[in-house]
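Coming up are structure 1 and structure 2: the same protein chain in two forms, each one given alone as structure tokens.
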Structure 1
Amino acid sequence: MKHKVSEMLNMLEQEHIVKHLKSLSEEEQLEMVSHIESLDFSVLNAGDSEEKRGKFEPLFATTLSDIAKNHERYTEAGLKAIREGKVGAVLLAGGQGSRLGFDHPKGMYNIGVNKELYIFECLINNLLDVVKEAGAWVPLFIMTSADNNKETREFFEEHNYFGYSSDNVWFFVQEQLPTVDTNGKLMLSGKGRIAMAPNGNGGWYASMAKTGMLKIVQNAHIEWLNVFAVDNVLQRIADPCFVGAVIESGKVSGAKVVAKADAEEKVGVLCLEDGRPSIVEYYEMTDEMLHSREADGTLSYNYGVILNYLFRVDKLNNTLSVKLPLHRAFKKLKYMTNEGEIITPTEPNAYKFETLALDMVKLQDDCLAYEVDRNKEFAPVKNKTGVDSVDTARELLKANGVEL
């Protein structure tokens, strides 16, 4: 068995791992072999070829003023669905948050100034607003990673779920994939262990299926799932007006979007690709696409996504058999050298492989682009300082009357 694994690793040009394997005791070797046999090595061929894109066209949004005109009606429709238990929320909290440089789950970051206010707490507070308005709990599924699950769970326990009902919260763990260095070589995280990283936020529904969460969704007759990122502290979750607007539109999905600050803003834009909803990244857009305007002066590709989507569960089920594309992301990853030294890099050093939630949009028949005011709903915490940072998020929280 050891021999077979070594042969396979040699074929994959991972001789350094064979060398490491041979340096282990008999028992450790057996353990490492079974660890290796459980890994998905398809990543070793992934991410090199550019994904072939189709024909892009603009997708127009339901704008702030359209929404204002119908606000009451949409909100009532959304509240009704929430009261009927048809809406669940999925918090994507399995990321490594490497840009923030915080050694715990990002949601544990204290964004308060004069008092403690954790990112998780901000999100729960926002969701509690809806719970109060609807007079019903929204089932909340929290996706964690193998690395941060325990700490996340314990943090929620210690803080009494920040006032949420623990009966309505479920944690599940996403899958991991091996990582490689800049030469495409597998890395070690420790003795007998290949370095792994969470497999991106695109696998959330598949992970819900694997971990039994879909049974809960099914038993509770949840029809819509609102999936959102951990790092936007102004995030409105299960927003009744958004839910109602999507339901009324008759579309099978919805995406919260913000108007771009300017033509060159580096955001992925919701559009149509070969007639289906899709997200085009800023670096994939031609100059013409970036600057093209409609008759009323708005940019044709104007609406950036903020990782807040509403999906219809029956349609999500159809996506379970689809293999999402793997993207490579260059990140800082702690590893062990062949000599056994643990290195914590200060600069990105490794490629991790991720599927992306935005690629699930493409699998939907249609998608309602729902505009929100970025000053009220978009305060991402990606970095410690500068753009999309703790500093900018604090300013936005204050501007929205959140006490820090």
Structure 2
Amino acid sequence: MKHKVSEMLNMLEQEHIVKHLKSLSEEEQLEMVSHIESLDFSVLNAGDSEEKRGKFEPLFATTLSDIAKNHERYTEAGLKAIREGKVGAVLLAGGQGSRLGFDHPKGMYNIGVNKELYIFECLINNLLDVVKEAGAWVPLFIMTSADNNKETREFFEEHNYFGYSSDNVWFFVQEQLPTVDTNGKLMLSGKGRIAMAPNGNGGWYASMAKTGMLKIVQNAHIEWLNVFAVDNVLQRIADPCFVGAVIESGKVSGAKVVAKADAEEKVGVLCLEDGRPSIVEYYEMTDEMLHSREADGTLSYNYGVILNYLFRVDKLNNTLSVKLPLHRAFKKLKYMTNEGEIITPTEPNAYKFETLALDMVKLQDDCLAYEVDRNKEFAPVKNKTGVDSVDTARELLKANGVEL
């Protein structure tokens, strides 16, 4: 077995790992071989070439005024689905708060000023609004990472789940992928261990399958999953009006979107690619796409995604056999040298490989673009200061009547 693994590593030009393996005791070697055999080495060929894109066309949204006209009907349809237990929510919370200068899970960050108000607490409060309106709990699945799972679980327990029903909350750990240095070489995180990193927010459904969460979804007869990111403190979750609008549309997925602030705003835009729903990043758009306008003057590619999607579970099941594209991200990753020294870099030094939730959208037959008011539903906490920061999120929370 050891010989086979060494042979494979040599073929993959990872001789330094073979050398490390040989330096271990017999027991440690067996453990490392078992660890290596569980890894996905397709990352060694990933992200080298640009993905070939298809033909883009605009995808127009159900606008704020359309929604206002049908608000009552959509909301009733959504509340009915929630009361019947057909809607679950998935919080993507695998990230750390390192960009905020906070060495803990991002959701544990205190965004309060005069009182404690954590990012997790903001999101749970938003979900509790729906629970009160529907008179029913929404099953909540929280995706953590290997690094932050224990701390996240303990934090929720310590704070009594911020008033949510712990019987309706499940934690599951996101899958990990090996990381490589700038020369494409695997790295060590410690003695006998290859350095790993979470596989990006696109892996959420596959991770749910691997951790047994889909059995819970199936047993509870959940038909829709609303997946959302941890770092938008104004995120409305299992929003009855959104749920109802998607159900009434007959489409198999929905995405909350905001109208772009201007043509040059750096956001991914929901569109059609070869006739299917897709997301085009701002840097992939031509000048013509960026500035093209419709007869009424609105931008043709006008609606930016905010990582709040609604998917039909039966259609998600079809995606489990599809391998999502891997995107390379240049990051600061801790590693162990050949001499056994643990290095914590101050600058990006290695590549991690990520699947993206937006690639799940491309696997759907259709998608309802559902416009929301960015001042009411979009307060991302990406940076400590400046754009999309703790400061801007606090201002938006205050503007929406949240006491800080």
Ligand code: UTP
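Bear in mind the structure is a predicted one, so any value in this text is a computation, not a measurement. Rigid core here is just the name for the largest C-alpha set that superposes within 1.5 Å across the two forms. Residue 1 is the first residue of structure 1, and the numbers go on in sequence order from there.
> So which is the form predicted together with the ligand here, 1 or 2?
Note: form predicted together with the ligand is structure 1; the other is not.
> After fitting the rigid core, is the C-alpha of Ser38 off by 2 Å or more between structures 1 and 2?
Shift at Ser38: 2 Å or more after core fit.
> Aligning on the core only, does the CA of Asn375 end up 2 angstroms or more away between structures 1 and 2?
Comparing the forms between structures 1 and 2, which are aligned on their rigid core, Asn375 does not shift its C-alpha by 2 Å or more.
> Tell me, please, whether between structures 1 and 2 the C-alpha of Gly97 is shifted by 2 Å or more, with the rigid core used for superposition.
Gly97: C-alpha displaced by 2 Å or more between structures 1 and 2.
> Could you check how much the CA of Glu26 shifts between structures 1 and 2 after a rigid core fit, in angstrom?
A shift of 5.0 Å.
> Core superposed, what is the CA shift for Ile343 between structures 1 and 2, in angstrom?
Ile343 C-alpha displacement between structures 1 and 2, core-aligned: 3.2 Å.
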